[in-house]
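Next up: a single chain in structure tokens, the form predicted alone.
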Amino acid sequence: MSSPITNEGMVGPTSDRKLLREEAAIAQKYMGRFPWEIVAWGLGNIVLWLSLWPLAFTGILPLWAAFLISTVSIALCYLPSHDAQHSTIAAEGSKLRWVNELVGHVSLIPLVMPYRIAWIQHRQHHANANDPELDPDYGYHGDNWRQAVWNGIKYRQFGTQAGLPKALERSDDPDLERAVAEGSVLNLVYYVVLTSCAWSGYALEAALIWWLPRHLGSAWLTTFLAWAPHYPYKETGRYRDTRAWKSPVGTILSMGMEYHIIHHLFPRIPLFHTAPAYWEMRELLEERGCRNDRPDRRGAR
């Protein structure tokens, strides 16, 4: 497989330093504030998802409604942990670090994705975005969204998810063994719950509250978080491995990923601040030769 095109910037050394200072000055404005929205999102979403089980089992909530709510809930559960992985809620050593770790861990339970393993994999994605050999998210690529969804389904099948095992093999994270142990426990709990529900006569409930929503939510999530911001996966480098783009389903339904370029440039900017940071930084990004597939506010490119 041929290597991706690399483009680290399209300006000279002098202007490069000047642009870096200007970028950093803008980015600094959007860092440091406690992102209460993300905390409320992460903790509120897990409470909502857990409440579906007794509500559906007792018949208070129709199963079809529980299925729809669970699918949306699982599609939304990754991003609070994503912010926690980058310590945007609270830095290591701060008094509120426990909130960062709590959100990181519990928000991912519906996805059956251990927090530490998610961070190990995601860190390698940032370091090697769009590299077909080293980017653990490369398996979600595709020429269009339908192909990306299908590739994602195949990528998540047991025994074929090459990206994650390779990421763990390459990792030198000091918490690697702990991460693998936590992953084993979480997966064991998942299968014990599904099996116990089936034996108890609640197989359909378990399938429609957890098993199927997990797959549908994962497909939506990876389409907008992994595929769309990095499409067409052909370039690497700080200013070319992702892009700004206009989602056909809007900013909310695409979970703010239209501004994912800001996240890759400055991962400590919380999700809710990536849009304003992008609009303030847009001209600098264009000077850098960043991939910008999003019209400006007047409709022009």
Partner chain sequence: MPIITKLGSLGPLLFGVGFIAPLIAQSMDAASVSAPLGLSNIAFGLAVGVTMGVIAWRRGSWV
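Residue numbers count along the first chain shown, from 1. Please read these numbers as outputs of a predicted model, since none were measured by experiment.
There is another form of this protein, the form predicted together with the partner chain, and it is not shown here; the text below is about that form.
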TODO: With the partner chain left out of view, choose which of Y231, Y138, W220, W211 has a non-hydrogen atom within 4.5 angstroms of it in the model of the complex.
DONE: W211
Task: Contacting member of L204, L176, L96, V72, with respect to the partner chain in the model of the complex [4.5 Å, heavy atom] - done: L204
- [ ] Sort through 74 to 82, 146 to 154, 105 to 113, 130 to 138 and report the only stretch with a non-hydrogen atom within 4.5 Å of the partner chain in the model of the complex.
- [x] 146 to 154
Open item on the list: Whether A198 contacts the partner chain in the model of the complex should be assessed with a 4.5 Å heavy atom distance threshold; does it?
Closed with: yes
Open item on the list: So in the model of the complex, is the partner chain close enough to L194 to count as touching (4.5 Å, heavy atoms)?
Closed with: yes
Open item on the list: Is A181 part of the interface with the partner chain in the model of the complex - any heavy atom within 4.5 Å?
Closed with: yes
Open item on the list: Within 4.5 Å, heavy atoms only: does V185 come near the partner chain in the model of the complex?
Closed with: yes
